[in-house]
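Next comes just one chain, in structure tokens: the form predicted on its own.
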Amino acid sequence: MTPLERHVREAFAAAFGGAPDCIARAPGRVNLIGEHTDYNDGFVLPAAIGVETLVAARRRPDRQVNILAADMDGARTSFDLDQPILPDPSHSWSNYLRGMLFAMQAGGSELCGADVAVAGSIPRGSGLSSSASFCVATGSAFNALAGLGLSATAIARLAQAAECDFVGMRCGIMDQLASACGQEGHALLIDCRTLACEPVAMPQDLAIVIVQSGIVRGLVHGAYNERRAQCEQAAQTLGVAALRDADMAMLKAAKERLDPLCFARARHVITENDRTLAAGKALNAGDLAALGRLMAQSHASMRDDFAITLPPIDRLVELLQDAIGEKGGARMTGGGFGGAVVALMQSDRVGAVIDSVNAGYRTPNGDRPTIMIEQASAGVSLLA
């Protein structure tokens, strides 16, 4: 039993007495390449990682849902499934769970009341999808409690709806699919239009290093939704259903009809789709030099065309790339405006790279950054 599982079990027992009927675990994810392409029906290349959210739940005979946040000094909130499920501004952490149950009911699922305890190891606001992990774990727990028979992909789609329609974060499907469908030892090349997930084996000597910038994101209140609107406007001007259907020739031909910002946003998405497909081939072939070049191009595009990086993160990426050398690369990962940087390198370079980061980067608070050494992990599951 992991320390996190012990923590959530003990918290559940203290709050509700006895043991939960089930514990669902859903991992966070790191996106290796393919940023802001998912809601444009494009391609992404994430991997599920070891940090996770656990949702311990026990069925109740009534329709009440009681929630305990084991990581937030035992904060608690409740609601009734027979009443409209609404956001709770005084317990905003619970809105992902509320939103997931809202989406499940809207999708026709017959839910049961439950006592629930939640705990996790994903740093919030880090760009590693703590919110998607929370929604997917919630969906898996209630799927088990109510015997709904939902597939992992169905749970992922409901989790996306929860974030879009309830929380107000108009995200794509990548985070939820990676958390739900991840495979140990593999990245997932996801077609965000068809939801097809192609496993891409990670070379055995490849290390995933994630460096937290210390700059906490706030996507709902940031410019994420604005970027999505700009992409949609560009697609409409180009006469395509989504930017996935456009190419650079189409974009250049329409330049005079496009707002300059929309042109730049579309250029990022179109070129990022091409880079993501190329990165999947490079990763599959173990070509770390090509992969590193693609990651560098991706970061430059996020910085210059999509305008979602920040100067401290740009410097962190440059520091990592210099330390890694030619075999591997680094880029910001996640929606932007803070969060984490992901770096891929040969395992024997990890120690030297970490030393370089600790010597050359400090968070806004003046601290050394949190550095995570991860590997591709399995997706959502129920603990025995």
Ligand code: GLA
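Residue positions are given as counts along the sequence shown, with the first one as 1. From a predicted model like this one, the values you see are computed outputs, not experimental measurements.
What comes next is about the form predicted together with this ligand, which does not appear here.
The stretch that touches this ligand in the predicted bound form, counting heavy atoms within 4.5 Å, is 327 to 335, out of 65 to 73, 341 to 349, 355 to 363, 327 to 335.
A single residue from the set Phe79, Phe263, Tyr224, Phe102 has any heavy atom within 4.5 angstroms of this ligand in the predicted bound form; that residue is Tyr224.
With the partner omitted from this view, the residue of Ile173, Ile190, Val211, Ile313 that lies near this ligand in the predicted bound form is Ile173 [heavy atom within 4.5 Å]. For Leu150, no non-hydrogen atom is located within 4.5 Å of this ligand in the predicted bound form, even though that partner is not displayed. For the chain shown alone, Pro46 is not a contact residue for this ligand in the predicted bound form, no non-hydrogen atom being within 4.5 angstroms. When contacts are judged by a 4.5 Å heavy atom cut-off, Cys231 does not count as touching this ligand in the predicted bound form. The closest non-hydrogen atom of Gly34 lies within 4.5 Å of this ligand in the predicted bound form.
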